[in-house]
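There is one chain below, alone, in C-alpha cells, taken in the form predicted alone.
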C-alpha cells in the first residue's frame, strides 16, 4: 500500500555518474503533472521500501534533489534526481546498485525552499559532492530563461573521478561559455593552481572568491550546498565578503549526527498539540514516548510531511500559531522564516501546555 501523500512512479532509466552515484529518470503520469511541478532546487521525498528496513522498524524516508530545470523535465517527460551511495544507507545502496528501468519508487511531491529567487541575475553556487545536484538545476534554469543571467559555480570534490554530473556541467559550460564560470576544486588530487587543490580554508576561500569575482557584476544570490563543514566555512567566507544574509541560501546534504531534540519543558508533559494540515485541524496529546512534535502529530495524522528527521530537508516545516516550542539545531529554515514563527517539527518539542501549528502556512 502506498503511504499517504506518496505516488508510485516508474523508473525510466538509471544512468551511472561515478562509481557510487547515479541519476534516475522518473516518469510522471499526466494526471500527476501538477502534483510534481517544481521549482529549480527543490527535492523529492522517497519512501524507503519496507523490505529494506529491519523487521518492525518505523517508516523511513529520504530526500533527493531534482537535477534538471523544469523546462528540461517538461521536454523529456521525466523528473530526474541524483543519488550518491551513503555508507550504511539502505535506500541509497538500493538505488545505486540494484534499481533498474521498470521498477517503482514511492515519491512525494516536491518540497524545499532552496530555490532560485525571483529576479536573481548573478548567482554564485558553492557545492560539495552531491550538493551539486540542486544547484545544477538552479544554474540551468537561470541560464536558459534569462539571456543576461550569469552563474559562477565552484564545485568541490575529492578527485576528478568523484565529480557528479561532470558531463552535464561541461555541457552547460559549452552552451553558455561567457555566462557560466565553472571552477573545480579537488581536495585529494593536485591541480596546476595551488588554490584549486586541497581542502578550502578561510584564506583559500578568500583567494578563490576574490579571483573569481574580480570585475564581475554584483552577486544577487549565493547558493551553498554540501556537507556541513564545507557549507559552514563557505558561508563564513561569503558573509565576510559583505554578502547580505538574506541572499545566502544554505542546504546541507549531510549534517552529521543531529543534536537531540530538547527535553520536554516542565509542565509540557501531556501538552495539547493542534495541527492544521490540508485544511483540517487535528488535536493530539503529547506522550512521554514522543521524541518530537512530529512524532505526536504522526500518531493522528499519517499524512504529516517529513523526510530526513534531522533538521536538514525542511519538509516538516510548520508555523507556530499559539504556544511555544523548544527547537534544537536545524539547517533548513532561513532567518526570515524563523522570525515569522516557522519551526521544524522533527526538531521541536512543546514548551508549554498548549501548542497550535499550521503546516499549511
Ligand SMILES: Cc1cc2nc3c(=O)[nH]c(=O)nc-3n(C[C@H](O)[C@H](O)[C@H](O)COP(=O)(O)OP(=O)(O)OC[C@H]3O[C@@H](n4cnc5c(N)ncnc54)[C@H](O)[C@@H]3O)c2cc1C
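Residue numbers count along the first chain shown, from 1. Here the structure is a predicted model, which is why all the values come from computation and not from measurement.
Missing here is the form predicted in complex with the ligand; even so, the following discussion is about that form.
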Legend entry - 274, 296 and 359 all contacting the ligand in the predicted complex, non-hydrogen atom within 4.5 Å: no
Legend entry - Touches the ligand in the predicted complex: residue 176 (any heavy atom, 4.5 Å): no
Inset, instruction - Indicate whether the ligand has at least one heavy atom within 4.5 Å of a heavy atom of residue 97 in the predicted complex. - result: no
Inset, instruction - Although the ligand is absent from this view, report whether residue 313 comes within 4.5 Å of it in the predicted complex, heavy atoms only. - result: yes
Legend entry - in the predicted complex, residue 251 touching the ligand (heavy atom, 4.5 Å): yes
Legend entry - Partner-facing stretch of 215-223, 101-109, 78-86, 236-244, counted where any non-hydrogen atom is within 4.5 angstroms of the ligand in the predicted complex: 78-86
Inset, instruction - Using heavy atoms only and a 4.5 Å cut-off, determine which of 91, 180, 154, 284 is in contact with the ligand in the predicted complex. - result: 91
Inset, instruction - Any residue of 61-75 with a heavy atom within 4.5 Å of the ligand in the predicted complex counts; write them all down in order. - result: 62, 63, 64, 65
Inset, instruction - Tell me whether residue 356 and residue 59 end up closer or farther apart in the predicted complex, going by their C-alpha atoms; the shift is 3 Å or more. - result: farther
Inset, instruction - Regarding residue 53 and residue 26, go with closer or farther for their CA spacing in the predicted complex versus this form, the difference being 3 Å or more. - result: closer
